[in-house]
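Taking the form predicted on its own, here's one chain by itself in structure tokens.
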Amino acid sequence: MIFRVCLAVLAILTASQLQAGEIAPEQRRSAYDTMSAGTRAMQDDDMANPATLWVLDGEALWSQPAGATQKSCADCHGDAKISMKGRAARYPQFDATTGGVVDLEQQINYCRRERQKATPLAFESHELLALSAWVSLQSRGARIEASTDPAAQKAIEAGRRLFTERRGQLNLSCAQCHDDNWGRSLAGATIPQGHPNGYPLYRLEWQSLGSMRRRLRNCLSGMRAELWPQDAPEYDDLEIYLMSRASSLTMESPAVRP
């Protein structure tokens, strides 16, 4: 199966007339637009969206005291429906305290470590995804805001380079699929533009909720490229670039994808 998919990728890339450069703002489309009616209906109905299970756990965790301070997220931030409105649409962002890019999951762990004096949650753990899903839900419908912080531009440009560099045994780049061949069919599925406006999201292939970082690792694996460590800065750079690239799209978190 993997061999056939690889052949299909190579066939698309060699047989098609490749487009040049980034997708124009007026042509940017959410992957939602290419999904089947059934999958769209699953996302649209919170009672049918499996991600709701994580959202409900995240809502409970928001008010749960943790760590040596025995403080909850709500103790500092109050009602998430008010204080977190639109916040996820602005992450990842450059953080002057750490001197680097911080995504939403990392910000949650920063608060746990520094404010609650609690052990940070593991990447892709149920608790971290649940809190991220609950916070991200408050940005549903908000427009993604690309960072205008001059300090973030270096990371955005680094992410752009990573997105366009070929890598792995297949010698492919992210851009070859998501910029040059979006809308085409690959192994029976439509190639999306690769926008991160639904994360964390429930992927039917995973039968689970997952972060953008997990999806990036999936893509690296599909290219037969070496995976970076979970906390590698390359993921941060790619994430902030992808959010910049998706500027003007609206947040769908937590979304459903095939």
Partner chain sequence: MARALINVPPRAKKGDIIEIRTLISHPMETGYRAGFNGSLIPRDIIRSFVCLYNDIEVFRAEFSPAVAANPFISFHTMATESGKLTFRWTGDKDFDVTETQEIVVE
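Numbering follows the first chain given and starts at 1. In this text the structure is predicted, and so the values were computed from the model without any measurement.
Below, we turn to the form predicted together with the partner chain, even though it does not appear here.
- Against the partner chain in the model of the complex, the set Asp45, Thr52 and Leu56 is in full contact: each member has a heavy atom within 4.5 Å.
- Although the partner is absent here, Ala60 lies within 4.5 Å of the partner chain in the model of the complex, judged by heavy atoms.
- Only one segment in the set 25-33, 229-237, 201-209, 63-71 has any non-hydrogen atom within 4.5 angstroms of the partner chain in the model of the complex, and it is 201-209.
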